[in-house]
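Below sits a lone chain in structure tokens, taken as the form predicted on its own.
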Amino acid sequence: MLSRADVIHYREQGWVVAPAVAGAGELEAMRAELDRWIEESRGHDANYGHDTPDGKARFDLEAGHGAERPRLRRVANPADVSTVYRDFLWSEKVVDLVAQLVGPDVKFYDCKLNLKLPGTDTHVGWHQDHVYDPHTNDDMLAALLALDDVSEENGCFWVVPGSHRERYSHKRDGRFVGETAPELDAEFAHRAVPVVCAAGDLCLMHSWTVHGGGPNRSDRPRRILICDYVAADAWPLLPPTVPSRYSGRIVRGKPSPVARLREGEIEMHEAYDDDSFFGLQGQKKTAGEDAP
């Protein structure tokens, strides 16, 4: 369980790390499943796995992917196709931590695996998760499990402390681009701190916390399992950006017959065609497409 100091840190800073949440056996099983998907990706030259609720590809490949040098960069909702991931994300030890921060009744919303394999160029622009999936209130967080030791060298993510109290546009010229304005990059880089974790640590991050990350320039992988959880009385204002067959499932407590409203304004966005937010943010195109 989180200590009182941990909860205060989350409330004030917008994030907190719970150490050693996943055991060695759980990590081994999740890595083995992921290794199998990476091996499978060698047989594909473009994004694949269109068995998702919205028909977008489950497996997203970075430009430069090939059989000799696989570059799988995201798996959308691994819990939809793997009991190994589903059992961990719905386990009591995980959802009890979430409940300490969003309330006793908790819904699963979606999950994804974000990979930065050795030498991967993938980076993530500064953004806030809540704008992707706006809800009636902001008792919503991302739980990020480190499947590997995570350091600055292999592409850890960076958070901007206190930014969960701030609101920023993620549009440019009226179009949703999924990241904040470039003019803010220097400010965020100055304020940000790296989230360095050991394999098995779980970072709990508020949905409004500004965060981003750079490429992996090391010879070690950086693989992170990310799951979004919301309070049962937080209801989505738009369809899920990364819909799961289990979106909205109660994983702790009971469902809420009402939606709790938080006063304020939320920037709304249109649906986007990209298989993942990497393309939305203007990253290099995926495998099988011409580079811009």
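None of the values given here were measured: they were computed from a predicted structure. We number the residues from 1 along the sequence you see.
Another form exists, predicted together with a small molecule; not displayed. Remarks below refer to it.
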**OP:** May I ask you to choose, among 135, 74, 107, 206, the residue with a heavy atom within 4.5 Å of the small molecule in the predicted bound form?
**Re:** 74
Subject >> in the predicted bound form, the one of 251, 57, 224, 38 near the small molecule [non-hydrogen atom within 4.5 angstroms] >> reply: 224
**OP:** Look at the stretches 163-171, 95-103, 179-187, 127-135 and give the one with heavy atoms within 4.5 Å of the small molecule in the predicted bound form.
**Re:** 127-135
Original post:
Looking in the predicted bound form, any heavy atom of residue 82 within 4.5 Å of the small molecule?
Top reply: no
Original post:
With the partner left out of view, is residue 114 within 4.5 angstroms of the small molecule in the predicted bound form by any non-hydrogen atom?
Top reply: yes
